[in-house]
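Below you will find one chain, with nothing else, as structure tokens; this is the form predicted on its own, and questions on how it binds or moves follow later.
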Amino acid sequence: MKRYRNGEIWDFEHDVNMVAAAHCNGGKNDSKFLNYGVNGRKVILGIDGGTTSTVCICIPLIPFTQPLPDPLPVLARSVAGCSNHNSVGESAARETLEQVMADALARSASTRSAVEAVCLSVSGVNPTDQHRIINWLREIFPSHVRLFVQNDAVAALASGTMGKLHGCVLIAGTGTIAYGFTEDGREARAAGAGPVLGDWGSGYGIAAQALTAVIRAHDGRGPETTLTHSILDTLNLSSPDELIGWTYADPSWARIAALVPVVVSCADAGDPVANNILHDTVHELASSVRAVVERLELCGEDGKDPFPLVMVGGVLEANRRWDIGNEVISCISGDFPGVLPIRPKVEPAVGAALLAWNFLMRQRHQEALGR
């Protein structure tokens, strides 16, 4: 473990070790307090890094001989900003990730020496990125720490299946992706290429279409829509012409996607343009799921085998009359009657921690067999 260039964010470890030393001198006389922190326990970190926010969960290392408790004990939770390197750049993304991990360990009164495994699940990560990110993490953590890097969709799937990698997950928040795994380890994805390459069905895609509809209506190239007044009112603008400056002043994905509730409200009120946008969203999201399911044959040869479909993201939450998630399920169930929709009870960062626990358990088991 090197002293990373942002080493000052780990200065809290000195205070934690001082308290741990006091435990030893105070009669406990247990060296594990010096190694693992105030509570003398080993921990696992699960990180869900998205375009809008990044969440790190710290859980205790649960013995592999015990079933996972429900609910899973969470020692600490920390939140930071965007960590998608495609959105904010690699340097800013790394700084965010390191800060959120340090905060979670500080809140749990633990140190990096107490960490047994880290699962970092980040949006925008492809297989070619994983080796580079693991090397970066290796600079931060001691050599004994097991490191795993996944796309954020993998943690989202695990949040609905208690860490089991089987089935399909659909994420629709600021961005969107469908990701699937088979029980024999095959995987496939659809969408998730970012807004420039057409993340239609995402929050960004919905809002971008709405902004485009307002400009088209203003130009006379499209139908009039209540989106014009609603969006201008929300942004405190007086004319559609001002939307151009507002959009390009800061075209960050999350800032644009924040207009989704306005689109949903207009659709609820009966605006045909807004309703068409949401209908197109349902079609795009269902198409992504369909592509993954068919590629992996999750539905079996006859199309009727059961498989979990984990639904994650703000776009898929019910919004008054419109419930995009249920509309997507209706589309999918027509093609795949065995689909088992799951709305996770835990957040994706917990799913990442569960993945780390399962990966670690599998490695320990393989090591034991190899002895």
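Bear in mind that the values here come from a model prediction, so they are computed numbers and not experimental data. The term rigid core refers to the most C-alpha atoms you can superpose between the two forms while keeping them within 1.5 Å. Numbering starts at 1 and follows the sequence shown.
Below, we turn to the form predicted in complex with another copy of the chain, even though it does not appear here.
The partner is absent here, but in the model of the complex a heavy atom of A190, alone among I231, V149, V264, A190, sits within 4.5 Å of another copy of the chain. None of V273, A76, L243, L296 but one reaches within 4.5 angstroms of another copy of the chain in the model of the complex through a heavy atom, and that residue is L243. Looking at H131, you'd find every heavy atom of it more than 4.5 angstroms from another copy of the chain in the model of the complex. In the model of the complex, another copy of the chain sits within 4.5 Å of a heavy atom of R216.
By the criterion of a heavy atom within 4.5 Å, S288 is counted among the residues contacting another copy of the chain in the model of the complex. Remark: E98 does not count among the residues lining another copy of the chain in the model of the complex, judged by a heavy atom distance of 4.5 Å or less. Judged by heavy atoms within 4.5 Å of another copy of the chain in the model of the complex, the contact stretch among the candidates 163-171, 133-141, 246-254, 149-157 is 246-254. If you take 201-221 and check each residue for a heavy atom within 4.5 Å of another copy of the chain in the model of the complex, you get Y204, A208, L211, T212, I215, R216, H218, D219, G220, R221, in sequence order.
In a rigid-core overlay of the protein, P127 has its C-alpha displaced by at least 2 Å between this form and the one not shown. Core-superposed comparison between this form and the one not shown: the C-alpha position of N86 differs by no less than 2 Å.
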